[in-house]
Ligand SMILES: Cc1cc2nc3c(=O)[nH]c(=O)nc-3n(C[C@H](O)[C@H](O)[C@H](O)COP(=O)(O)OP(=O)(O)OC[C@H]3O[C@@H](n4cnc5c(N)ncnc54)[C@H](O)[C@@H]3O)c2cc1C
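Single chain ahead, by itself, as structure tokens, in the form predicted alone.
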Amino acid sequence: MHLHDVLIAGAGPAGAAVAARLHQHGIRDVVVLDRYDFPRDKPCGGGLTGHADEAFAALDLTLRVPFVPSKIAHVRCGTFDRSVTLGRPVNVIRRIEFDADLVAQVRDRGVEITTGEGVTAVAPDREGVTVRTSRGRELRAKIVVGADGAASIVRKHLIGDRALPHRLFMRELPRPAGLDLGAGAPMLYDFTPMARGVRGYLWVFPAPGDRINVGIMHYPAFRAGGPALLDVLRTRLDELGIELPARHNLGWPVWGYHPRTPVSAPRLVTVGDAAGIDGLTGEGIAVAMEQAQIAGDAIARALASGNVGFRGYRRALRKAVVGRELALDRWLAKLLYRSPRWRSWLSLVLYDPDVLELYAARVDGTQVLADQKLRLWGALWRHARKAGVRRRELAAALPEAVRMLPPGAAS
């Protein structure tokens, strides 16, 4: 049986980006498997945030599909309403088009990508990794990359599923005739559902083809069922003048990044959703493409040296810009979504004059929020003096809490 250099499980942005990075290193014996055929849809808000532009350039990839450049982040919570202008636009794409085009770009470089065949088991040994597929095949590789999403077989081999996942639901809709998105194609981030028990936010993004992408994210502060989350999403969208159809709303679990969660083992590496998404926003595309560069470089070194233990990979991810931002967002998510004092933390986000500007710069990639510790401490100091006033302002802005999720969720 032929021993491939690298086998990548998953051909989404994470897997395609790793394959592109390996090709840059001159590594040609690479096989990519994905359980789906492309084009295939993927539940996602579709925003290319953060350092996506730099990642495209670093990987010699190109954004070739239609996109809507959004220059404004519109933040809402009840009657609170504020718009923040982004330093550079977030480009909103459709995943059904975007992912298929990345696969095409990587295939054009000669990389072997097989679709409709997923990885069902991995078994590492001293000489390589045996991979079993959904078509009953067995393949061998020196190194296997888990880029196979939240349900990653490689992730399960490393750690199993020991925690509650984030829950997300999304739907792409034709833009309602009476819905005016406004100038600058703003993205709406709506925290009003927190008064109804959700620990997260609702989004409405402009999408190519006169569409909108709507959805909701729930942080795993407690277990929440899909029907209850969809009820909150449907109720709030109705208040915004958007009708959510009863069927074909896509839901999926995802794992938040944790700096101590194993992301590698001898001969095994994970990237993208398999390694953990942004716990605060649920964003994953730019994260995956940034992580892919680190993974590709680590794999190239491992193949050259023969040291395939990947002992330094988790630290390399954590110390990179993407890891520092994910670690900070994980901390912020715990304060905002998990703390029983969430109203106080939410009022800090909404009413401090600097915090929304700071996070907008984090979203558009013009600043690394983890490097802005003095400004963050300044915001906390101001909040210590004004927390009571801000909580009262938030209470006046929020609608009366309607208990739509389990008891205690909307406390």
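Counting begins at 1, following the sequence as shown. The structure displayed is predicted, hence computed values, not measured ones.
The discussion below concerns the form predicted together with the ligand, not included here.
Undergrad: Taking the ligand in the model of the complex as the reference, which of Val263, Ile285, Leu326, Ala292 has a non-hydrogen atom within 4.5 Å?
TA: Answer to the contact question: Ile285.
Undergrad: Which residue among Met194, Ile212, Met170, Leu202 has a heavy atom within 4.5 angstroms of the ligand in the model of the complex?
TA: That would be Met170.
Undergrad: Among 369-377, 354-362, 29-37, 54-62, which stretch sits within 4.5 Å of the ligand in the model of the complex, heavy atoms only?
TA: Flagged stretch: 29-37.
Undergrad: Although the ligand is absent from this view, report whether Ala9 comes within 4.5 Å of it in the model of the complex, heavy atoms only.
TA: Flag for Ala9 set to yes.
Undergrad: Counting only non-hydrogen atoms and a 4.5 angstroms cut-off, does Cys44 reach the ligand in the model of the complex?
TA: Contact check for Cys44: yes, within 4.5 Å of the ligand in the model of the complex.
Undergrad: I'd like to check something about Arg94: if you look in the model of the complex, is any of its heavy atoms closer than or equal to 4.5 Å to a heavy atom of the ligand?
TA: Flag for Arg94 set to no.
Undergrad: Are any of the heavy atoms in Gly149 no more than 4.5 Å from a heavy atom of the ligand in the model of the complex?
TA: Result yes; Gly149 sits at the interface with the ligand in the model of the complex.
Undergrad: Check for me whether the ligand, as it appears in the model of the complex, comes within 4.5 angstroms of all of Ile153, Val254 and Ile277 - heavy atoms only.
TA: All three within 4.5 Å in the model of the complex.
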